[in-house]
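What follows is a single chain, given as C-alpha cells, in the form predicted on its own.
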Amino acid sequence: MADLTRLTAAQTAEAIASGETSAVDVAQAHLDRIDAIDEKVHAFLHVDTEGALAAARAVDAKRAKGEELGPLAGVPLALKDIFTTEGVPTTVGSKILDGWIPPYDATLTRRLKEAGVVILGKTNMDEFAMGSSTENSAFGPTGNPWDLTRIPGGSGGGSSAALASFQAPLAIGTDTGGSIRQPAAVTGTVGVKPTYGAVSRYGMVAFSSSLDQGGPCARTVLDAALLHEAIAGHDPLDSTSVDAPVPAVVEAARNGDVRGLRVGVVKEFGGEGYQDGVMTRFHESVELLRELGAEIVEVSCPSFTYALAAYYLIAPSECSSNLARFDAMRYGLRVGDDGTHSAEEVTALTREAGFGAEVKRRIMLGTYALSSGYYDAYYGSAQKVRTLITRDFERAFGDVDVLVSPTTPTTAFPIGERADDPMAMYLADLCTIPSNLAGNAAMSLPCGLAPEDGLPVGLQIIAPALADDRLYRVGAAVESAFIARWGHPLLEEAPTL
C-alpha cells in the first residue's frame, strides 16, 4: 500500500477490516514515523511501543476469527497526557507528576480500548492544560510541523502536532478555553469541543471542572466524528456527565449540507488585533457558506467582550481548588522529606519545585479571587458575566442554527514571542472561550493558509448544547467544498519534515 501514515482514520479502518493491511503493520508504520521525526517535533512525552503493538495484534486476532470490528478498530491514536492510562505514565506536562503510573484507566481511555483503537502514547501539553502554546510544559515545547520555530497551539499542542506531522491519524485533546480548537486552527487540523458533559471527565486530571471537556482531534471532519462517537456517552462515574443520546455525528459528517441553514456571523469576533490574512480566509469561508445555500445573518453578542476577563477569574479559581490535592502526601513528587522538615514544609517545597510559573500564577490569582472579602467582587461577578454570555448564546440560537467566527485571531506565533507577556498569550483564546463558559459545542476546521505567512487558519463553528451534529453537518459541507475548490491545506501543502 501507499504510505500508511498518510491515510485518514476512516481509510485505515477500512483497509484493516478488508484485510488489505494489518493493524500491526499500521501501528508499526506510525511508530517508525514517530521514531524518525519526533525528536524534532516533540509531540510525544511517552511512546508505548509494546502496548500499541499488543493492542494491534489483538485487533488482527479478532479479524482472523471473523469477529466484527468497530469502525475505528486498529486505528492509531495519540492521547493527551491528561487522561489516566493504567500502567502508562501520566504527567499532565508537570514535574509534580513526573513518573506517576496510574493504577486505572480514565473512562475515555477505556472506551478507546474497547473500540479497538491503538493508543501510540501520551502527547505533550502545557502543564495542567494551562497555556495556549505548549511552551508551559515542564518537558519542553512542541514545534508546529508547518514551521518548527512556531507554536502548535495549546494546551494540546502535542496532539495537534502529532496529527499535522502524520505521526497519528487521530488524537485526543481537552478544551477548557480553546485547547482543542486553537491548536487545530494553527496546525491545519480538525478539533471539536463537544457539549460540556458529553464526554466523561472521569480520569481526566482536573484544571477547571466547570469548563474542562475532552474531545476528538483529527485531520478530517469524518474522522473526528468517528472518534467523537467512540468516546461520547453517559458515564455514571462522572457526576457532570450528560444522560442523553449521543447526537448522530457520523451520519451528519457523511451528509454535509447547509442548504436552508441560518448561519450567524458574530459581530464581536473581528477588528483590532485580528490578523488580516485570518480575516481574509474567514470572509472567504462565509461567502462559501452562502454559495452552498446557507443564509448568512450578522449576530451581536455584546457580553462576549467580557468573556476573557470572566474566564481568567473562573478558571484560576477552580484550579486553585483542584490543584490543592498535589500536596506530596499521596502521589507524585516529594521534596524535602529528609526528617528535618514538617509536613507543611514538605508540601511547600514540593509545590515550589513541582509547579511551573504559569501554574503558580493561576493558583495565586484563583486563591486571591476566592479569598474573604473578594469573592463577590471577583469570582461572583465573573459568574454573573458567564450567565450573560449564556443568554447571548440563547438569543443568538433563537435566530440562527449555528454561529461562525475565526477560531483564533492570528496564525501560529514564534516560540518565545509571548512567553513573557501573559496577556498577549491569553488573547489567543479570545474567540473560543465563550463556548466553554456556556457549555455548548464548537469545532475548528481548516479554511486555508494566511497569504502573508503561508500558515493555517481555522474556521470556528459553534452549535447549541447537545446539537453537536450541526457542527459536523456544516463542517463536512465546508470541508468538501473547500477541497473541491482549493484542496486540503494539510494533506496537500504541509511541508515534509
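On a predicted model such as this, the values are computed, not experimentally measured, just so you know. When you see a residue number, it is the position in the sequence shown, counting from 1.
Missing here is the form predicted in complex with a small molecule; even so, the following discussion is about that form.
Undergrad: Is residue 132 close enough to the small molecule in the predicted bound form to count, meaning some heavy atom within 4.5 Å?
TA: Residue 132: yes, in contact with the small molecule in the predicted bound form.
Undergrad: Taking any heavy atom pair closer than or equal to 4.5 Å as contact, tell me whether residue 362 reaches the small molecule in the predicted bound form.
TA: Looking in the predicted bound form, residue contacts with the small molecule include residue 362, since a heavy atom lies within 4.5 Å.
Undergrad: Residue 429 versus the small molecule, in the predicted bound form: is there a non-hydrogen atom within 4.5 Å?
TA: The answer is yes: residue 429 has a heavy atom within 4.5 Å of the small molecule.
Undergrad: Within a 4.5 Å heavy atom cut-off, is residue 176 in contact with the small molecule in the predicted bound form?
TA: Heavy-atom contact with the small molecule at 4.5 Å: present for residue 176.
Undergrad: Just to confirm the contact call: exactly one of 292-300, 409-417, 318-326, 168-176 touches the small molecule in the predicted bound form at a 4.5 Å heavy atom cutoff, so which is it?
TA: Residues of 168-176 come within 4.5 Å of the partner.
Undergrad: Tell me, out of 312, 269, 202, 282, which residue has a non-hydrogen atom within 4.5 angstroms of the small molecule in the predicted bound form.
TA: Residue within 4.5 Å of the partner: 312.
Undergrad: Can you pick the one in 187, 142, 155, 123 that has a heavy atom within 4.5 Å of the small molecule in the predicted bound form?
TA: By the 4.5 Å criterion, the partner-contacting residue is 155.
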